[in-house]
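Just the one chain here, laid out as structure tokens, in the form predicted alone.
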Amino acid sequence: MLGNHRKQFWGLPWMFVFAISVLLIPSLTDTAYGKEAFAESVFAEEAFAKEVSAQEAEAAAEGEPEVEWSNDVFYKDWEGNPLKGIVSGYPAPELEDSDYNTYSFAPSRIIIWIANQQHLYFGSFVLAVPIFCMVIEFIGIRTRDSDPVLASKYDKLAHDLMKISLTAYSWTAILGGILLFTFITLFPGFFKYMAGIFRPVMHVYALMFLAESGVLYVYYYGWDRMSQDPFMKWVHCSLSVLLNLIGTVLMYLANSWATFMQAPGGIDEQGRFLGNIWHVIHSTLWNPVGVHRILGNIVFGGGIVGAYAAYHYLSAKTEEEKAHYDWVCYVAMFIAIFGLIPLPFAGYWLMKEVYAFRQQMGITLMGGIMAWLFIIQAVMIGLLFFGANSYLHNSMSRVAGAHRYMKYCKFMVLLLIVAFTMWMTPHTIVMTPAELKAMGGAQHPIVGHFGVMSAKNTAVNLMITCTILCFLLYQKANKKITVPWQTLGNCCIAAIFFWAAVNIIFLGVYGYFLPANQRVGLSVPQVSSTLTTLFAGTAINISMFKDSESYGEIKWGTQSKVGTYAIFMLAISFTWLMGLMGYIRSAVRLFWHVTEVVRDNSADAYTLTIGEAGKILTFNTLFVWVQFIIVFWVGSLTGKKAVEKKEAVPEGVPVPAQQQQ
């Protein structure tokens, strides 16, 4: 009977992956048809139009007023004509000074930026941790029969992470209330307009929030009782799937406000709602922003958990404690690297959709006033890959048998340095008039060639490929391969990486001989080559581990300080990078609340300089990490209290001699 139950619940943790795929299905039609709405929406619109035309005829016959129709600002039919919809809302307001409020201590835009960013940081954390717990708990269940001790460690780790997440969840709700209060008080006119547009789904957001809270509390407080029975343990794991599904829906609903402001749809040129809330929510940026944030949340959450474990590792007093937190660092960094590798690809998808919506918006981002912010972004992404590789290189020192691959680390670091230098090279350089005249133009005759996308796509794909290779070497460092086809397997992996690198470099060079509109298409085969190394290389590598022998136990607790500091660098760098990319995405709207629909007429409608933006980004990073320290401290109070009660000696009971000492 138990076996049947196990089979029944085997696929439950993968329901989350299935749900994400369902959410992303509309993006396939977006890619295929650009700005055209997908088929179901168009057919629904046509059927709806016929029905309403009949109603209009009846209304005209009875003397009732006619229904007003208008064109959608974004969605088009199969013939390329704007979709029509029934006007169901008021025009966008012409905001005046009376529609804005200010505080004396800071500009209103800075205040709303800080409030929004802090809420986003904690929202990302509380969305990422349940994903970790789902995966970790599932691995623990699968290893329960083969290694009960390791399964218990996985289960305890997932439970401890949820304890911290529970405290962070309450903090996130408080920050959300502060954001809402700030939005209403500082931008009342604009908030009224947005609330009118999203009114049909605002109650859904509230209900989903209540559902997530209920499932979260049942999942956490029912942990011990549901872990006693194998069948109930699977039920408990399935609750984590439901929790992540609800959290993902919440995130997508929250994203719809931001993507609507940047790339509106479902309204006409006057900003009037056209009756189809799906068009308002599902803008061209909705899916790429959602995928980008899911991957970003995974990296961000992994970095925070890793930094938390790294701190305890450095301050541990016993060898057992050091070994435990060293292992937690490994698990957190594994999850973070898993999200980091595909993250640049999601970023390219997002930028592609930005160009598809408004080409000028993409030019402003990549070649206009935001271009130097992307150079800073390149530096931060390079730091992330350096941090991930540094951790993997230093972690090999605690793995028996890793000496076979340590000699290759210096070559991988050299490749990372070369690719990173190319990745951060600007297309044009800020110069004085005299320097500009001496060089003969804004573009350097040699270095300037590395500032175009052909070079940058090549560089970032090589960095990702190098990181994948480093991870595969770390995987097999402790394994003594015994399968008879190990030579063939190693040759296949080497051939995959070699030809992938050749293809990436060839396409990068070939791009210089093509016009810009054709050069963009070369990124697809480059990405395909990189993903081939990830999936095919990992599959072959893991299949070679069958019946493998170990070179010895991993010496947990012997991680070098350099590798531990790399975790801190990755966590802080990604926190700063998240703020930077959020600022770039919002600032590209320039003086618009909603692009080309609602103009920002406040006194603060200006673009910050790079220095001013950097100061606010640094403040947000420091401020959120202070809050994380407080949340971690609050979450650890219950553990300390339990330990104190356990170690307390009742009065009148003799104390052993070793305890007296």
Partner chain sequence: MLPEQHDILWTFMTIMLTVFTVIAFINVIKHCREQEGINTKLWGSIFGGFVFISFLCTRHMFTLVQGEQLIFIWTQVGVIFLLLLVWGIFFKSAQIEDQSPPLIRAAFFWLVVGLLLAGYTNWLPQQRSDPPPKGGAQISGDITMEDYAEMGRVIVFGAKQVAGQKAIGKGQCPLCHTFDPGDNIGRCPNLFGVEERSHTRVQEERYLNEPIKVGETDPASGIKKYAKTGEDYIRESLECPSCYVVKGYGKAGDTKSPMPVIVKPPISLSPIEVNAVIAWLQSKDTPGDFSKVTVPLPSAEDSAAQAEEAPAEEEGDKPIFVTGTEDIQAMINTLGCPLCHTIPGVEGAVGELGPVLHEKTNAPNRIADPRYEGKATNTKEYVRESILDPGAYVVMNEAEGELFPDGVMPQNFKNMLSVEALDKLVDFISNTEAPPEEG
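Worth saying up front: this structure is predicted, and the values here are computed from it rather than measured. Numbering follows the first chain given and starts at 1.
Another form, the form predicted in complex with its partner chain, is not on view; read the next lines as being about it.
> Just one of Met202, Met232, Val249, Leu314 has a heavy atom within 4.5 Å of its partner chain in the model of the complex. Which one?
Contact with its partner chain in the model of the complex is made by Leu314 alone.
> Just to confirm, with a 4.5 Å cut-off on non-hydrogen atoms, which of Ile369, Ala400, Met226, Leu180 contacts its partner chain in the model of the complex?
Partner contact (heavy atom, 4.5 Å) among the options: Ile369.
> Work out which of the listed stretches, 161-169, 232-240, 87-95, 489-497, brings a heavy atom within 4.5 angstroms of its partner chain in the model of the complex.
Contact-bearing stretch, as computed: 87-95.
> Applying a 4.5 Å heavy atom distance criterion, does Phe105 contact its partner chain in the model of the complex?
Judged by the heavy-atom cut-off of 4.5 Å, Phe105 is in contact with its partner chain in the model of the complex.
> If you check in the model of the complex, is Met578 within 4.5 Å of its partner chain, heavy atoms only?
Looking in the model of the complex, residue contacts with its partner chain do not include Met578, since no heavy atom lies within 4.5 Å.
> Is there a heavy atom of Gln270 no more than 4.5 Å from a heavy atom of its partner chain in the model of the complex?
It does: once its partner chain is placed as it appears in the model of the complex, Gln270 has a heavy atom within 4.5 Å of it.
> Can any non-hydrogen atom of Val218 be found within 4.5 angstroms of its partner chain in the model of the complex?
Result no; Val218 lies far from its partner chain in the model of the complex.
> Please tell me whether the candidate spot formed by Met424, Tyr565 and Val597 is one where all three residues come within 4.5 Å of its partner chain in the model of the complex (heavy atoms).
Verified in the model of the complex; spot residues all in contact, yes.
> Could you list the residues in 185-201 that come within 4.5 Å of its partner chain in the model of the complex, counting only heavy atoms and keeping sequence order?
Nothing in this stretch is in contact.
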